[in-house]
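A lone chain, given as structure tokens: the form predicted alone.
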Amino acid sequence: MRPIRVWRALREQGVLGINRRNSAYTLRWNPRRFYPNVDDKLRTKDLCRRAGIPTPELLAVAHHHFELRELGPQLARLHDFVLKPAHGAMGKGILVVRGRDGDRFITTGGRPLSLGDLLYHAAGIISGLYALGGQPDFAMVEERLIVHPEMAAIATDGVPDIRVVVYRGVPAMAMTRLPTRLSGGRANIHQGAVAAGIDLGSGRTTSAIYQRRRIREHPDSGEPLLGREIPGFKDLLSIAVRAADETGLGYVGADLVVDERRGPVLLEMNARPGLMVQLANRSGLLPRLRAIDLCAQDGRSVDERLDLGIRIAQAAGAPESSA
């Protein structure tokens, strides 16, 4: 198909491109002064804590290299945890430890690491190796969330997450990102995770893509991917909307996990959410964003905005649960 035909087809389907996302949504609805609320995961966590929004427990933090002396004994007492940068993006620099074998820490991928290896990784984080713009960063240690039993069958060596795009306080679209062997247990599409679109009304998966091709089963386990109900999905949407309200931003992505013990938990927020959610849902964002613009949001409760997002998504139509 010629480029002009491809462009015309995408426009007719209401697909949001990166240039329009940046000019019409990110720049217009996300004031720069509020970016630190989401770019700094420690600040996001503090905002959520004060608002009563569940996030992973913070176990330790190192702001400077000299604090690594204190971080070492703290890590040595832990059995499982997540070591991550406070200003990271796209899952870079995140190290998940799932257990111990004597004095060795075992990652989700099965790699054994010494305490010195962990501190070396933390030093790289502090130096800005994984930070946006390469600026000095903080090393965070959080509790490791455990995959919910209902989602364990469709994930490999990792915890699936749910991305909800929230526009002007209304949920517009959602997908779940499922770890694979190729992704190394990470819920990162660019590293090889599966992306599955979610119907906002039912909370069930409707379509799935892997390596930019449509699939019906998980590439590792062969488990069916379509028609899967995301546990606690209504609560997930509510948390995403409440967290978006706290950031002061109008166009954000909220990343959440359903933990087997705690239920829905907010991981982080993103002021520049990617556009892969449209491929996962086989649906363009623009019709939903335009419909939200037509409805006044002032004074609407969280529940009212959830209902509005569901109605708009249903009016936009959803793909059949087939690949």
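So that the term is clear: the rigid core is the largest set of C-alpha atoms that superpose within 1.5 Å between two forms. Note that residue numbering follows the sequence shown and begins at 1. Only a predicted model underlies this, so the values are computations on that prediction, with no experimental measurement involved.
Beyond what is shown, the protein has a form predicted together with a small molecule; the following relates to that form.
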*Report the residue, out of K92, R111, R181, R214, that has at least one non-hydrogen atom within 4.5 angstroms of the small molecule in the model of the complex.*
K92
_Partner-contacting position among L267, L59, I292, C48 - heavy atom within 4.5 Å of the small molecule in the model of the complex_ = L267
*Which of 231-239, 217-225, 78-86, 114-122 has heavy atoms within 4.5 Å of the small molecule in the model of the complex?*
78-86
*Just to confirm, L145 within 4.5 Å of the small molecule in the model of the complex by heavy atoms?*
yes
*Is R288 a contact residue for the small molecule in the model of the complex, using a 4.5 Å heavy atom cut-off?*
no
*Within a 4.5 Å heavy atom cut-off, is V164 in contact with the small molecule in the model of the complex?*
no
*With heavy atoms only and a cut-off of 4.5 Å, decide whether V159 touches the small molecule in the model of the complex.*
yes
*C-alpha of L59 moved at least 2 Å between this form and the one not shown on rigid core*: yes
*asked:* Checking D157 here: with the core superposed, does its CA move 2 Å or more between this form and the one not shown?
replied: no
_Could you check, with the core superposed, whether the Cα atom of F81 shifts 2 Å or more between this form and the one not shown?_
yes
